[in-house]
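Just one chain follows, in the form predicted alone, and it is written as structure tokens.
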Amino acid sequence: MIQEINIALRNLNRQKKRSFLLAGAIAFGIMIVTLINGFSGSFVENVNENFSHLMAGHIFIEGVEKTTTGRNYYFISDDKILIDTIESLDLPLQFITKRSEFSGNLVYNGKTLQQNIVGADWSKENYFSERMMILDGSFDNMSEPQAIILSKEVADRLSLGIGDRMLVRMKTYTGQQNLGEFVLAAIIADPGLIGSMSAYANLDYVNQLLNLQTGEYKIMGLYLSSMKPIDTAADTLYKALEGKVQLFTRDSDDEETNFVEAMMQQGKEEEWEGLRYRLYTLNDILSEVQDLVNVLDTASLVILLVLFVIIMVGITNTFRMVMLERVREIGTIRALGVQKKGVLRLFLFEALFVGLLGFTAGLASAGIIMAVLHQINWGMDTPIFILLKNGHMTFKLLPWQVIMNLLVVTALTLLAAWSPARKAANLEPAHALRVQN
């Protein structure tokens, strides 16, 4: 077999141009698929990490009170039981955040713009401010109780400058109309796909506008030291809270309904008295992101198969030409005692080495492209910011994906060469030697 391998390598070296063209076609297919796999591998991690910063947590708890008229009010009134339970558990917890938010209309100089406004405790959320790109103003201005941070897009549309005051029309948590006033403290770069999704204000003032009492707020967030144990930590906390407070179940009976829709439906259909708490995670909210990654992985496999169906035709035709060119050579080695299986293996080894060469070149090319793309700083205001990590593209290629791609390449390359290789092996030595080149 060693001799057959050496002959196969020598034959490939004799036809360098043909060998490199075949290997190049394979390399192109592998490069495209590897780039897709690498991007999808880091897609979920980057989206989760960015959203965890924007939403201030990995695990969330919100309170829901149902009135006698069937309306739901969302707030947490007394979090002592929640805090005590959290602190009693050995969770990989970095800190706890408290937030409230509402959607209202900002009004300035005759212009009106609807905006979601999030109230945060800036004395405890320094990590969040570090991820914002300040274009004008300063976070120091947030010491003003009515201060607000807007994206550049919103500030431009309302023609606002630092220090300008604007009105806000909104509803309290019970649905009454209310009017407030904000002063622009800072302008930040639009964070890509979610550029105008939220503005940021002080928690106390947002609670005041919502007509929440002292100590009340809407959502508690638990920020963990790592995203890996999110589901495990959430299950542990849920079990610890059972029996202490009223809880919504975490499972949705309808797998076709996304989590947010199921969550809203759950609040409408069920009946209870007092406050009932809902515990959910970042993974629950972004579950459809994983579905998208699965689609990308499936698409990459389909692309690989389609490319290789095309490449297989080229490989098959090439090896048919090789067989015709080497008829006398095949006859000679058969006359010297090489069996049919030896000739078959000789051609299959050539195909295998072409496939491995193409696979290696494609993998290396994808690695170089990923390294170059990773070095580019796309900025914090790019439309794809939510897909990036600190403004940089990242790629994560899983070992099983590399192995699967290698197996697919190997199998399809050998399959493409099988028919001409078998015909070459079945040539009669005497007939082959009589053929004129």
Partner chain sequence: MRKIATVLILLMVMSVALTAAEPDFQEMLRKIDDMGNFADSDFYAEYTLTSQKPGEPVAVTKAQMFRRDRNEQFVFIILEPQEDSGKGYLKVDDNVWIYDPQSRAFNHSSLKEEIQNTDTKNSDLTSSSLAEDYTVTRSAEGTLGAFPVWILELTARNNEVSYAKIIIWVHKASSLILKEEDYSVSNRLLRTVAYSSYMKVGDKFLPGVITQVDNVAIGERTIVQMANPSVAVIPNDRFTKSFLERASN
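Numbering follows the first chain given and starts at 1. Remember, it's a predicted structure, so these values are computed and weren't measured experimentally.
Just so you know, the form predicted together with the partner chain exists too; it's not on screen, but the next bit is about it.
Site annotation in the model of the complex: the residue of T85, T236, T316, N211 reaching within 4.5 Å of the partner chain with a heavy atom is N211.
Scanning L167, L301, A364, M133 against the partner chain in the model of the complex with a 4.5 Å heavy atom cut-off leaves one residue, L167.
Residue heavy atoms within 4.5 Å of the partner chain in the model of the complex occur in exactly one stretch of 117 to 125, 179 to 187, 85 to 93, 305 to 313, and that stretch is 179 to 187. The partner chain in the model of the complex is approached by Y173, whose closest heavy atom lies within 4.5 angstroms of it. Among residues of the shown chain, V107 is one whose heavy atoms approach the partner chain to within 4.5 Å in the model of the complex.
In the model of the complex, the partner chain sits beyond 4.5 Å of every heavy atom of K244. Although the partner is absent here, T249 sits far enough away that none of its heavy atoms falls within 4.5 Å of the partner chain in the model of the complex. Taking the partner chain as it sits in the model of the complex, the stretch 67 to 87 comes within 4.5 angstroms of it through a non-hydrogen atom at T67, T69, R71, Y73.
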